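Coming up is one lone chain in structure tokens, specifically the form predicted on its own.
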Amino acid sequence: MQVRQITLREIRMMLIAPFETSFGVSTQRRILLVEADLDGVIGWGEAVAGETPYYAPETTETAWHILRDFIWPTLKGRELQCASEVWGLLARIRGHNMAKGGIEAAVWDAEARSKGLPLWKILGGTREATPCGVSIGIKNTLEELTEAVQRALSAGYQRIKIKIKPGWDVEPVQRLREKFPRIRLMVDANSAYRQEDWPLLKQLEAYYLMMIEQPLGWDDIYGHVELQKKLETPICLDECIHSEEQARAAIELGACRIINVKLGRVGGYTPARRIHDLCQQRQIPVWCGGMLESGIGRAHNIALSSLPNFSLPGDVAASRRYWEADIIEPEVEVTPQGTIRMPTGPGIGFSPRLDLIEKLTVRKEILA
């Protein structure tokens, strides 16, 4: 199969409600969609970079630039035997994993569609449904937080993750554990703390958390080694893990006991599967994190979550948690049991709503 053309689109989507983390508040997403034409078969991907370089160095703008000026010239007219070759072809481009992950996902989707098979099956997935957790941003009051958690539990979600930051950490966790003593609860700091904050993080152990996600610096594996020695609660690494090599280092050094795998952060399915396999061999559970994706990115997260070591509920939530209307049909729904069923159709198993995508598009470029 040959990469004939790619189309880049920036769409703007308003979140149903503001989503706050330790590094800022999101109300609108600038989403970069990647459409790949492989011998007339169209595949879709999403470069999940944010509007700012606060979670990761990449942004919507940098991803567009790398896709147009470096990735496309590398892939233009290239004959591929399978989608897994894309990662190797892009190896000389250092970093920019979210840009790479967007095009790589689109090629995987196209390959699966050309074979008439669900993407999750050609990836080697074994789960016919994935357990779902929910990520809840920082709220203005404890009452607002409690109400948000109650709604999520009523919707069936199997795990609750709350965002924390200095000044919003022990008290909200204490309130939730008192109100919901038996729920699966975890916290995510998005690198908001420093090594000297370990006594405060130690206080969280009184509330039986599943894990503390990325408490220290986004590139500080050594700091997490030292912190994990002081904590009984497992540390989960997110921002620190961009490659199989970093995952191996984190595991062997004892920086974490759980890893969050995000398709965009690691650069696509090929590196994600390698990290998954490594963690499975070392008995390190993984789960799929979210990046406030549109339905295209959400569909790819569902496919990734079918791999056998995705044993913990991920941030793969229903479309309606974030959007008034999603850009795929059918929209992603969560069962009353807190799972999402794997789609049965070819490729990602969802159809892009081209009319809505065009309506939301603010920038478009066809590369041929």
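Residue positions are given as counts along the sequence shown, with the first one as 1. Since the model is a prediction, treat every value here as computed from it, not as a measurement.
One more form of this protein exists, namely the form predicted in complex with a small molecule; it is left out here, but the text below deals with it.
This chain is displayed without the small molecule, yet in the predicted bound form the stretch 156-164 from 112-120, 156-164, 246-254, 172-180 comes within 4.5 Å of it by heavy atoms. By the 4.5 Å heavy atom rule, the three marked residues T7, E46 and L67 all fail to count as contacting the small molecule in the predicted bound form. Within 4.5 Å of any heavy atom of the small molecule in the predicted bound form lies no heavy atom of Q228. The small molecule is not shown here, but in the predicted bound form it comes within 4.5 Å of a heavy atom of M291. Contact annotation: D315 falls within 4.5 Å of the small molecule in the predicted bound form, judged by heavy atom distances. The closest heavy atom approach of D238 to the small molecule in the predicted bound form falls within 4.5 Å. In summary, among the residues K100, K262, H224, H276, the only one with a non-hydrogen atom within 4.5 Å of the small molecule in the predicted bound form is K262.
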